[in-house]
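Below, in structure tokens: the form predicted on its own, a single chain.
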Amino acid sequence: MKIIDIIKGDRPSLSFEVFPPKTEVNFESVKKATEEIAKLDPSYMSVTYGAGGGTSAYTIAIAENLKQKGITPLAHLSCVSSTKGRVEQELSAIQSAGIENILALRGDIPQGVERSTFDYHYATELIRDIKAHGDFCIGGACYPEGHPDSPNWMKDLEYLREKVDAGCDFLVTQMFFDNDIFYNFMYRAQRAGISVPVVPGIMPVTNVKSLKRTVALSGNILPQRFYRIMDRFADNPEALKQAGIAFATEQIIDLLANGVNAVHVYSMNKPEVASAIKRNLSEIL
């Protein structure tokens, strides 16, 4: 099933993200965790793609297994350190696995590598190649707080519009912790002529270490209320997990109450987190 049809449906859509193992020895444990999340009957599940394509085979294997379990998979594909030939092979493998949905990403640029040597420089170029390869439903990433490489939000929206014009069917946001940031972004995006569905990405923060890593990588703005929660429960891991899930749940409820009909949860490979979110929204969904 095409994800664009899911997120444009009448019912609210709740989806989860998982990541493949880095090595074969961890494959079965990761597969089991993703199957536990699949039992929650999410609208779809996305499967990430390791830096430099290091987990590409596992990404497809996990996504294909989810499809066999009756879940619509969204396979990530990044391009910055890939050749066009490698991307063509990946697309053929995704197609052979019966996967119809791809999240097209530039990916992180390796340190010390000269960008001029790359076949791909932007996700827009990858989107065009995916579109030319087959009948895929294509998603793209967007950044309510601005892409780290963009000089300003106007330029960021210009690049985003190029993604959409290249064939992007929907967008998924980077995580954010203040819904007003998302609403402001949507206003600017619509003014810029970006009319494809935008799915907000929400991350339940369940430990301080992951929070620090997240902020260091993304530069997210954290509301004072969030800081107080983290400070208050930093020494009680279970309380912190519960508070982080509650905070994410409140974000999702506010989004749904304001007319957002599809939400994506960065649950990673934590069935207990995905289950708690789903349970908190049982009557709302």
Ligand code: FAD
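No experiment lies behind these values; they were computed from the predicted model shown. All residue numbers refer to positions in the sequence shown, first residue = 1.
The same protein has a further form, the form predicted together with flavin-adenine dinucleotide (FAD), not shown here; the description that follows concerns it.
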| query | finding |
| --- | --- |
| Candidate stretches 230-238, 255-263, 42-50, 62-70 - the one whose heavy atoms come within 4.5 Å of flavin-adenine dinucleotide (FAD) in the model of the complex | 42-50 |
| Proximity of residue 108 to flavin-adenine dinucleotide (FAD) in the model of the complex, heavy atoms at 4.5 Å | yes |
| Touches flavin-adenine dinucleotide (FAD) in the model of the complex: residue 147 (any heavy atom, 4.5 Å) | yes |
| flavin-adenine dinucleotide (FAD) contact in the model of the complex: residue 208, any heavy atom under 4.5 Å | no |
| Partner proximity in the model of the complex: residue 141 to flavin-adenine dinucleotide (FAD), non-hydrogen atom cutoff 4.5 Å | yes |
| The unique member of 202, 172, 87, 164 whose heavy atoms fall within 4.5 Å of flavin-adenine dinucleotide (FAD) in the model of the complex | 172 |
| Answer option from 198, 103, 130, 189, heavy atom within 4.5 Å of flavin-adenine dinucleotide (FAD) in the model of the complex | 103 |
